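Below, in structure tokens: the form predicted on its own, a single chain.
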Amino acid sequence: MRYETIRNLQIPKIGFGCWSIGGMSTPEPAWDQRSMTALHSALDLGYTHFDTAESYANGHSEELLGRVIREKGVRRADLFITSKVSPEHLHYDDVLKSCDNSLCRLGMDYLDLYLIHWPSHSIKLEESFKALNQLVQSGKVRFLGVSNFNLKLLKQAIVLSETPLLTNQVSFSVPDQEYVKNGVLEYCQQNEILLTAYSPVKRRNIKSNATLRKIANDRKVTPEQIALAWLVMQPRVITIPMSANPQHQAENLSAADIILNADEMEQLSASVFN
């Protein structure tokens, strides 16, 4: 596994995204066993960064993640746990309450990273960051970040955060390079901020990309692994794929060890999907 070293942290290039653990936007109790089996497998394989949110299955994702971590007996200090506050909860008191609720569901004393999940059009960032800064001061959160922020909002967040902003989590993949085009990736790389790529593997698109398939075939790995390798080869980029399949989980994790050459990177950056 390769890591990004930033702010005296070593963060795995590839973590585990918990979207669909326990349900989608609402809890799905019938999914619990499958979800917990997926989390057990991920921990057994060596995943240490887990990314969840209060909106994932309306908090049930956090509950299941916390339960499995306790069942496995993994030391809290060996994990890096990210959660997110929803845009409707960005008033000062609501941010504090949301964080407390997330910690309660996880059964933890602190979060390693706490993100604004989406910017709000009606609540000022100044109010939100007043609460977020308080959470860091109180020790309930180690690092702050944002998600789905454009360049203008990202710059505002940097000014308002009393501690260095750790990441902007955005949709980023071979077929989705919007945050390259809008300058966010370059800005993050120049200012010691991680770009965390969610939805890194769009399987319906992978089959139509001849470049991905050829490179994968030449290297005797899967196109999904090449798609992940392309992401994490880039400085200051980490990613959080999700799979409930243990084999795919292992393949995702090992993608961080695939070293693409400059020509392959350029081909993938320029590849066109039909």
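Residue numbers here begin at 1 and follow the sequence given. Quantities reported herein were computed from a predicted structural model and do not represent experimental measurements.
A second form of this protein, the form predicted together with a small molecule, is not displayed here; the remarks below concern that form.
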The single option of Arg213, Arg70, His248, His40 touching the small molecule in the model of the complex, heavy atom within 4.5 Å: His248
Going by heavy atom distances of 4.5 angstroms or less, which of Phe129, Tyr198, Tyr179, Phe143 would be at the interface with the small molecule in the model of the complex? Tyr198
Partner contact for Ala244 in the model of the complex: the small molecule, 4.5 angstroms, heavy atom: yes
Does Glu224 reach the small molecule in the model of the complex if we count a contact as any heavy atom within 4.5 Å? yes
Tell me, yes or no, whether Lys202 is in contact with the small molecule in the model of the complex, where a contact means a heavy atom of each within 4.5 Å. yes
is_contact(Gly22, the small molecule) in the model of the complex, heavy atom dist at most 4.5 Å: no
What stretch, of 25 to 33, 62 to 70, 49 to 57, 213 to 221, brings heavy atoms to within 4.5 Å of the small molecule in the model of the complex? 49 to 57
